[in-house]
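Only one chain comes next, encoded as structure tokens, the form predicted alone.
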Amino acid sequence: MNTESHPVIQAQSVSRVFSRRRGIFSWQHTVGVAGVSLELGQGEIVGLVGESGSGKTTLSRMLMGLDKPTAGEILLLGRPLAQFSRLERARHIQMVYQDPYSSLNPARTVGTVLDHALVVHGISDAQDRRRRVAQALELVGLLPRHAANLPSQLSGGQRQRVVIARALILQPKVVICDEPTSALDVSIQAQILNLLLELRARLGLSYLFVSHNLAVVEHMATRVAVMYAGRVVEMNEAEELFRRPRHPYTRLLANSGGDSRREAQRPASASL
């Protein structure tokens, strides 16, 4: 798929500092993200890798509009993200979470979960909502009858498909995938990755793919950004970055994950 030149979403030198009071007259400041610039083009998959605590989640939350940058600016479709209302942001940016079970209300049926997203965004016609729910389920490889199921009645892979359907039902332009397969059985992971690639090709989606699994990132991403201590220490085309990592931290990640990458590539290559 060809990507357009203009970015769909863009972080311009964004920082996020967390402050908490240590005493009556003193504060402790912790830097979560420091001066990160990152852009995501139409139809592009940017992988975001790094150890726990490197700033991946903080950056993702800022791109979603859940946290405001302490410094810098985030642009969505060329406009400052801060100018969008919460509902407007949600129509353009959605997230697929790591654990499909904890991200779904166990007391609500699949149909109710999907319908709720449409109601919140002002789609009042019940027949239209039922049609959209059925279309969203079919889009991710489920059947309309699954709308009557509770999350506990579905397999882990089916639940993750529901989470993807919920993210896509509003037809967003950007999807942030937060470790979307790490909670799934290995046998199911390739199916979900295949689905994400198919949806990207069909709908022209842009993904920020957050993962610690270098093999998955190597297969999925068009570009990769490596985060360390709140900063992007290396960014390059995926093939070039994994072939010739430049930063010592990137080389350390590649070396520490080398065995798992080689093992994961065998089944993943055939499936992807």
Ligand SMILES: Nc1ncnc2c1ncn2[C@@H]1O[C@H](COP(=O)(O)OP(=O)(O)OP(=O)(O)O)[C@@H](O)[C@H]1O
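All figures in this text were calculated on a predicted structure; none of them were measured in a lab. Note that residue numbering follows the sequence shown and begins at 1.
One more form of this protein should be noted, the form predicted in complex with the named molecule, which is absent from this view; the next part is about it.
Picking from 232 to 240, 216 to 224, 31 to 39, 200 to 208 the stretch near the named molecule in the model of the complex, with a 4.5 Å limit on heavy atoms, gives 31 to 39. Residue-level contacts in the model of the complex: of G65, G55, P245, G43, one residue has a heavy atom within 4.5 Å of the named molecule, and it is G55. In the model of the complex, the named molecule stays beyond 4.5 Å of every heavy atom belonging to Y249.
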